[in-house]
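Next up is one chain by itself, shown in structure tokens, the form predicted alone.
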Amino acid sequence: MKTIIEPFRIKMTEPIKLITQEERSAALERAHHNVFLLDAEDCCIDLLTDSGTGAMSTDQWAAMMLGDESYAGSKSWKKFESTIKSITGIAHVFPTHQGRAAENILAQTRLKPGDVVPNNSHFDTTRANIEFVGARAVDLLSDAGLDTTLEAPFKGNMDLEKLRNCIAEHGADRIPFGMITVTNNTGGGQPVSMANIKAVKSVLSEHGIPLVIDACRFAENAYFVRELEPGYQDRDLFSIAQEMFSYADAATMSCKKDGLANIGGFFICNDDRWAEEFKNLLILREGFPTYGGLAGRDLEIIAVGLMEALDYDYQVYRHATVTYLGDRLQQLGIPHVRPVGGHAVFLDAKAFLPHIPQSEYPGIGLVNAIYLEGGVRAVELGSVMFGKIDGDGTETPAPLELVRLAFPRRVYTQSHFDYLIEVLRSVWENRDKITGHKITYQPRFLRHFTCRFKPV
């Protein structure tokens, strides 16, 4: 089997620096032991997120120079709208400055206190926007998705029986829409099968409930469908994506993922009333409906990036990169979510650090240890990000304690990952020295971004 090479050449470089361990310790102390508060220049390899951190192609850079900055009805808007409609087939298209803006306006226009929104797994901003208006975000992940060691395809699927029970418990009138996230970031970057999307749509339709797809990584999910789901091996990713969106009544997207852009997002829907209400609030918060908080050059970049993300050779390379790291962690015995996801490798912090109770946030201990060891910034997806706090202050831990190593698109080479493997191996060999943490300050919503920690 031939080596899978990067399907691009490097045309520009950006210097990175590796500060000393003593300097990293001081930097982490200044950041209150929260890697979100570190300066980026103090992170030699930054795997905090794959959102907006990728490198653009020559075609995207060229497209940027064509940006039409007209306030209304620009040529760049027409390209943006046409590209999204060709992929999704959905009638109304609204640009936003990023995905959470689309989530926010959707929640503000469609939800009220007491409503319930089922999903396979809500990610952080989706959950926060739903809860901010007083509604409830419910995760209905399949049981397979909760087993980090199980080697099975489509562990991001929604459990259909749980969905039926949710509708029976709360009533269809309290569920303005259901969601499904592709790929399932919260559950370890695991894909969702086309059969599951179709079945979820069918169950919701029985009760007149619309389906909204969180489409941040729709192209990566299309790749998994082609590789793993019977009947799709001879299909191109574009047609698979078209089928995926054919089951949706609406969708939100952060184009900072599979739009291969550094900023941008959109909301799309088929319902004229939804569109009218969304448009009115969009004008108030983001801008005119044909630019939605974006410059014309951003609209051009996204129009190109959405199509590049559906290139099969690009997806083969991206998945090979994730698999490369996952296979070496498997050889070292380092616990992580199996199989590897589409955009990241997720370490199992609970299995990595069994001596740290969930109440002391093992994911934070592991994230900080990785930074101290090698200057690599990762992110916790565990009880800090997804724990639930009741009205009396009682905290319920998250079902999974994960640390995500998210891969910026077209940024790092194999030697960077070889260095990362060395760092992780050293942390693994010294894991008994890692301690838990307690929170000394936290905001009400999205606490992981700005809360402060102290080692226990």
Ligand code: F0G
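Heads up: residue numbers just count along the shown sequence, starting at 1. Being a predicted model, the structure only gives us computed values, none of them experimental.
Below, we refer to the form predicted in complex with this ligand, which is not included among the displayed structures.
- This ligand is not shown here, and in the predicted bound form it never comes within 4.5 Å of any heavy atom of residue 155.
- Contact check for residue 380: every heavy atom lies farther than 4.5 Å from this ligand in the predicted bound form.
- This ligand in the predicted bound form is not approached by residue 178, whose heavy atoms all lie more than 4.5 angstroms from it.
- Although the partner is absent from this view, residue 125 contacts this ligand in the predicted bound form, with a non-hydrogen atom inside 4.5 angstroms.
- This chain is drawn without this ligand; in the predicted bound form, the residue among 118, 365, 99, 375 with a heavy atom within 4.5 Å of it is 99.
- Only one of 298, 286, 348, 214 lies close to this ligand in the predicted bound form, with a heavy atom inside 4.5 Å, and it is 214.
- Per the 4.5 Å heavy atom criterion, this ligand in the predicted bound form is contacted by stretch 249 to 257, the sole one of 315 to 323, 169 to 177, 145 to 153, 249 to 257.
- Residues of 184 to 201 that come within 4.5 Å of this ligand in the predicted bound form, judged by any heavy atom, reduce to 185 alone.
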